[in-house]
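First comes one chain, alone, set out as structure tokens in the form predicted alone.
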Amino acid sequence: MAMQLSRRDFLKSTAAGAAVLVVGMNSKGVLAAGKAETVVNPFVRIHQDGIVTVIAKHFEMGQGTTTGLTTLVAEELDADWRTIKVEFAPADPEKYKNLFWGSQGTGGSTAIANSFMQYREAGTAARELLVNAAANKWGVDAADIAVSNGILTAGTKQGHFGDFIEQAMALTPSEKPTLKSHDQFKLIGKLDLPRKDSQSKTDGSAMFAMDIKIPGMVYAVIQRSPRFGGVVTSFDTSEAKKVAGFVDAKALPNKAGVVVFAKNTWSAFQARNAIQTEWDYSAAESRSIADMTASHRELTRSPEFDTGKVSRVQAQTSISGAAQIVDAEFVFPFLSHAPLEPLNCVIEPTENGVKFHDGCQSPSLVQGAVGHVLGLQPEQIEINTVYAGGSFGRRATPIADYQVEAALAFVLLGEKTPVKLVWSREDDIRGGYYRAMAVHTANIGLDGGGKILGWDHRIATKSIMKGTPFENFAVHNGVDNSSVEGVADTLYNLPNMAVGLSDFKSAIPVLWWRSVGHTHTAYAMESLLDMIAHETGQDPIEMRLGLLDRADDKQRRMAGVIEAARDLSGWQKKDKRGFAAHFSFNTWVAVVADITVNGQQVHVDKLHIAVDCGVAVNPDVIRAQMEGGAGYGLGAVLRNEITFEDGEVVQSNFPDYPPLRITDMPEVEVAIVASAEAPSGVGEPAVPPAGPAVANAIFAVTGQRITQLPMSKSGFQFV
């Protein structure tokens, strides 16, 4: 079970009672050990009872970070997996920053990738200190001491970690302690290692944000504009006052909504429904989805930005003499993240500032945004991170939206009363952030032998990064990389490829959604490659392999994962199957899809997935993420879409935004490509290729190419 401590509680716990050995980094980034106050960012804490606690700088939303980070430490420390514990780190970006970002946060499938060496080094440093302490205490050579499951042994002498704490605290660890070689791993790569969060999530003891209750707290919900960009002009609470438990209602300072306070969530929702509000829609989005689709299509005709390998003029010149042309348009809808646990958090006053209780994905963003609202320094904002019931990107917005709403509600109530902000499912689907809608058009020229001559690819979508704190490093020459990733940087050698981009403008808020731009770019690219293979009579897998140069490391690994999926599925043994492969988050994933079609009824029978993600730290977690990612991607492409009527979201909850049902979920077989390379992401890379693999299978069986999502719009029923 993962425990949660604030920075203050953390320091108190390490200082009180028996001696505690803490291992982490000093202010210069050098390994250090000793008491809590001498170690800048502790990753490992060992008590005199021998219990080891790993301090996880990444939060857990179901993806397995608590298990992964604990594995890295336990492996190098030779700790006892049965007793080693894990706690979420307090909010402190200097101590617990994501090394890829420079700030504290979880996302982009980076947790294990950026922590792999950091946590292993902390574990091996702790082991070295304990071994040297035991050697000094016993008067033996350190080389003669063996460590296993938290026990040190030398001949007849034996003791657990805690027996050597005081001696170890007086020693200085090596700046670069010796790590285990891959052939020495006992836990890393172990197939049946139990997850650290399974028991607590099974017996109900795991704490999620929705479980948090603070004495005296008041519940808050917000009535938001039915149209994005609308502002409050007036509201009437006369009927709301008749609701038992109603406390008060006030307009947010930015007029984006009315916050309703009550003694429980039911009273808050009932009172909110009773409030009559007038809105100013002069700056709001008022278009319907048909108009938005037409606007996207128009934008693809004259792209604003060039981001391909060649200019559009050069691409079109190459295409002009083609013997055969492949044309296609793809339409992708807005999508909701729809995590199982709706957004919520608690804010309470402290002596020095405030404290949040939250399934917090990005403490640095929260401290910055809330600090601006409350006039506090980041260190005055404590965050007790607890488990999150899913996120898919939703819990980490550039403006920390729901945490800022909680802070504003806290201010409106006088800054003395704890406030629990709660979103309903309808709030999230109708008033949250979305995967941006996108339209792709492609014009591809082939010679008489089926060789690609030129590729003109155009994308229209709303930018995620522009207008956010991430614009400076994520947008170059006007191009938001998250809009074109997966196309402009394709690993396939596609000659004379031009990629044009236009930004769709709207008040509708968009956000990274599990696998970000790859959610639509992979579908378009892998469908187009399948179209080319079909038009030229080539095997879809062999054609892709022919577009890869094995002298290039990334392309070599792409070829390797394609071949692994081919071999896993017995590709040649069956006719009419679908294939797709994609590279994202430094991970390669290939998928073969088998389906059954009965008239217009389609069932996805099996997905054969091969993944190359470097060192497989936790194979069982990797398999789960491949299964979950493919299922999440499949659920979206089958039936999901967010549509608008006169600027208002049509969908409201799971009945009209249906999640993947257990009967929809295919059998999934996963092959993990053996690798000694550094680990890479697994939380998102299975999402992009799952959809196009199924789409290509549907074409192989029915001859119908699906280019507008969701697939249900094409007349198919998925059973």
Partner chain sequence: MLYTLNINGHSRSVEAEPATPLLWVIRDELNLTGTKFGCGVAACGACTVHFNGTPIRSCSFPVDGAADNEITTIEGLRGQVAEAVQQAWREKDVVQCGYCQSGQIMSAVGLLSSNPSPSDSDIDGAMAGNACRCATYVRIRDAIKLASKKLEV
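Because the structure is a prediction, the values reported are computed rather than measured. Positions refer to the first chain, counted from 1.
There is another form of this protein, the form predicted together with its partner chain, and it is not shown here; the text below is about that form.
Screening 87, 563, 648, 341 for any heavy atom within 4.5 Å of its partner chain in the model of the complex leaves a single hit, 341.
When its partner chain is considered in the model of the complex, only one residue from 265, 318, 643, 555 comes within 4.5 Å through any heavy atom, namely 265. Candidate site formed by 244, 269 and 668: every one of these residues places a non-hydrogen atom within 4.5 angstroms of its partner chain in the model of the complex. Looking at 434-442, 368-376, 471-479, 189-197, the stretch with residues near its partner chain in the model of the complex, meaning non-hydrogen atoms within 4.5 angstroms, turns out to be 189-197. Among residues of the shown chain, residue 202 is one whose heavy atoms approach its partner chain to within 4.5 Å in the model of the complex. Taking the partner from the other structure, its partner chain in the model of the complex has a heavy atom within 4.5 Å of a heavy atom of residue 213.
Using a 4.5 angstroms threshold between heavy atoms, residue 100 stays clear of its partner chain in the model of the complex. Although the partner is absent here, residue 628 sits close enough that one of its heavy atoms falls within 4.5 Å of its partner chain in the model of the complex.
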